[in-house]
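Below sits a lone chain in structure tokens, taken as the form predicted alone.
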Amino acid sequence: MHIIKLTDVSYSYKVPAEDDSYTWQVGVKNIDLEIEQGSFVALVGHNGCGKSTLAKLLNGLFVPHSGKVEVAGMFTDDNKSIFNIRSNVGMVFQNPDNQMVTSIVEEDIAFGPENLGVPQKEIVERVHWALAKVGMSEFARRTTTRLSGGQKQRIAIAGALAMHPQVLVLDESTAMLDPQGRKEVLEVVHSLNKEEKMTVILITHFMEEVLGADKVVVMNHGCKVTEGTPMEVFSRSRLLEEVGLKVPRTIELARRLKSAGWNVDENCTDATELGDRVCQLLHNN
């Protein structure tokens, strides 16, 4: 059963011209997409391909110029539904500093539920629950300025979770983080997907981050060019190269070893497992 459905969705931006007029630039074009409830979907593509535009269409920040965006049975072009849609689709953006509105962690997480009119007792419960889910309970009274990048992003996720959304959209949320911070954030969202059955939409240009997804959607110049499981998409290496993407390095190395005659799994995604296999083969020889 789908939680989000896009039907022939297009959206364009106004771009100012030198003579004070403007032209239209395509954001997304003729997108058809279904996202199943409880699934983990990754949207990938190079910068400017339309990923972030698509993200903003999912919760009504943008309304399509043509086509329909349906969220939990509601449509984003229906003004009467937009509040409920935005409550159902939590957004986490690239820079967590832009999402923080107070200086104390627990107060920042409480901001969203307060605006929804949630009773104070329930707000406290939601804040504690959200902090626990992202592994930040001990930071409740910390100042947000003293957190690392990865910690700030986990707090941004907690702020979205406190709204109790059905869908969590992460728009390049790991792009500004170091490898450890990226790992922390990905562990949190995969845990939410598996344990809370939350629908997760991860927008990224790091191909390694899509390995645990149920479905990968590849975009280019505002269009959907292909979709499938991670392995199905990785098998289309020529298409990925044409849109400026590459398969994860571990898989690329495994395939090169396989083509050179090594007895390894060409679809291996675990670097440690691949290293152990190579060491085993060297030892046997």
Partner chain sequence: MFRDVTFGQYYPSDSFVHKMDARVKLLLNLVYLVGIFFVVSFVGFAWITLFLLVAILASRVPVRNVLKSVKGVLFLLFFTVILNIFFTKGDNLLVKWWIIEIYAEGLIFAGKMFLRLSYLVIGSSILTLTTTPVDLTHALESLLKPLTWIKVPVHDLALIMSLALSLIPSLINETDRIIRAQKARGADFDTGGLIKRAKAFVPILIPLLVSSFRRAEELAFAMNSRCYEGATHRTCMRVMKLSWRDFLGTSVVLVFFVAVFIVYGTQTTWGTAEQLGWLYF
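Note that this is a predicted model, so its numbers are computed, not measured. Positions refer to the first chain, counted from 1.
Just so it is clear, the following notes concern the form predicted in complex with the partner chain, a form of the same protein that is not shown.
Student: Which of these stretches, 56-64, 25-33, 232-240, 218-226, has heavy atoms within 4.5 Å of the partner chain in the predicted bound form?
Tutor: Comparing against the partner chain in the predicted bound form, the contact stretch is 56-64.
Student: I'd like to check something about V101: if you look in the predicted bound form, is any of its heavy atoms closer than or equal to 4.5 Å to a heavy atom of the partner chain?
Tutor: Yes, contact at 4.5 Å.
Student: So in the predicted bound form, does any heavy atom of Q166 sit within 4.5 Å of the partner chain?
Tutor: Q166 lies outside the contact set for the partner chain.
Student: Give a yes/no on whether V210 approaches the partner chain to within 4.5 Å in the predicted bound form, heavy atoms considered.
Tutor: V210: no, not in contact with the partner chain in the predicted bound form.
Student: Look up in the predicted bound form whether S137 has a non-hydrogen atom within 4.5 angstroms of the partner chain, and give yes or no.
Tutor: Looking in the predicted bound form, residue contacts with the partner chain do not include S137, since no heavy atom lies within 4.5 Å.
Student: Between 86-117 and the partner chain in the predicted bound form, list the residues on our side with a heavy atom within 4.5 Å.
Tutor: Read in sequence order, the residues that approach the partner chain (within 4.5 Å, in the predicted bound form) are R86, S87, M91, F93, N95, D97, N98, Q99, M100, V101, T102, S103, I104, E106, E107, D108, I109, A110, F111, G112, P113, E114, N115, L116, G117.
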